[in-house]
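Starting off, we have a lone chain in the form predicted alone, written out as structure tokens.
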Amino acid sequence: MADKTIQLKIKRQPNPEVAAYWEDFELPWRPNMNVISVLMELAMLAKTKDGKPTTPITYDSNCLEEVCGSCAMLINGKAHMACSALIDDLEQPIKLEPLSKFPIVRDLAVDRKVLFENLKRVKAWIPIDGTYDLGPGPRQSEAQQNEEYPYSRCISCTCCMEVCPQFNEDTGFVGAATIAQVLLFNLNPTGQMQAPERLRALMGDGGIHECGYAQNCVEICPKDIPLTKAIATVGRAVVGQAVKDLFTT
């Protein structure tokens, strides 16, 4: 196995103002390597397959155990977490590209702040006034905790947004991850106090009505979050809130 190598094609772009280009790389194979470990070795190698000196590839990563969500990229054309993408499971040459629906920063790193702006739009948190003791929160049954837990697994990787045909500049669709977080906080006994605000935030442009229910999101989610169930549940709640608002305003 000493002669076995890993072949890669990586899309490079030093900054958003210049055109992207491809570089080919080759390095010795070792068992149990993932894409991140390969990128780390390429940084030490500092040369392309044909021996031309090059700069280290820029990419985002942190936890290296599919928890932080930062290392999402296109691997052989599919949105994937680089830390859990094992080299032995990938067809070579392995093609690495940045996610295509987010502004490029450099090489494989993109700016995914749109997700966090969307989470702010729907108030995806439980307000807590820290100036005085609020006491313990409401008790939750095990069944209720089990209902909420799957939606708490979101790692903000944006893979669901990358594969969504409705998520683009024209629609401004908030995406499945944001909708699932609305459901998570609306299920919480304390979070229910802001439930109408969250639902109203999904009524306007880019809201839940933009979803075409392609179901790509639930197929790609690395944490197996029931995203289509969340979209259906929140969709019904949004309609209910709209009717309630119609007769109370």
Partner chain sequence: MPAAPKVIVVGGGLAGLAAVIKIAEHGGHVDLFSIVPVKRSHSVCAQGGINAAKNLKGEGDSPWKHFDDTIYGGDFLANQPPVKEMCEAAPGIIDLLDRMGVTFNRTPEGLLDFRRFGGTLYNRTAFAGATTGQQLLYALDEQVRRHEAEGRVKKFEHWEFLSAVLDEEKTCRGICAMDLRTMEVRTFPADVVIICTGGIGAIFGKSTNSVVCTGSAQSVLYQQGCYYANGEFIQVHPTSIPGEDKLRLMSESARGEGGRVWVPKQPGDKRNALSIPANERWYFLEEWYPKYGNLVPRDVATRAIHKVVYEYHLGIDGQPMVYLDLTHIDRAILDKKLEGILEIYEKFVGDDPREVPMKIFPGMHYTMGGLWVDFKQRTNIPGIMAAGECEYQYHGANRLGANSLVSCIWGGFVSGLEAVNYAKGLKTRYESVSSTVYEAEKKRQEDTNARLMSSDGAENPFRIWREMGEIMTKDCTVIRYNKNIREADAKLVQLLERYRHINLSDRTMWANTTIAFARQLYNMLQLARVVAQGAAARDESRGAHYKPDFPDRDDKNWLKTTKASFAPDADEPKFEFEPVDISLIPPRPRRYDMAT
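Values in this document were obtained by computation on a predicted structure and should not be read as measured data. Residue numbers count along the first chain shown, from 1.
A second form of this protein, the form predicted together with its partner chain, is not displayed here; the remarks below concern that form.
Student: I'd like to know whether Pro31 contacts its partner chain in the predicted complex, with contact meaning heavy atoms within 4.5 angstroms.
Tutor: Looking in the predicted complex, residue contacts with its partner chain include Pro31, since a heavy atom lies within 4.5 Å.
Student: Please determine whether Val105 contacts its partner chain in the predicted complex, using a 4.5 Å cut-off between heavy atoms.
Tutor: Yes - in the predicted complex, heavy atoms of Val105 and its partner chain come within 4.5 Å of each other.
Student: Please determine whether Ser61 contacts its partner chain in the predicted complex, using a 4.5 Å cut-off between heavy atoms.
Tutor: Within the cut-off, so yes.
Student: For Pro196, is any heavy atom within 4.5 Å of its partner chain in the predicted complex, or not?
Tutor: Because no heavy atom of Pro196 falls inside 4.5 Å of its partner chain in the predicted complex, the answer is no.
Student: Which of the residues spanning 112-145 lie within 4.5 Å of its partner chain in the predicted complex, based on heavy atoms?
Tutor: Contacting residues: Arg112, Phe116, Leu119, Lys120, Ala124, Trp125, Ile126, Pro127, Ile128, Asp129, Gly130, Thr131, Tyr132, Asp133, Leu134, Gly135, Pro136, Gly137, Pro138, Arg139, Gln140, Ser141, Glu142, Gln145.
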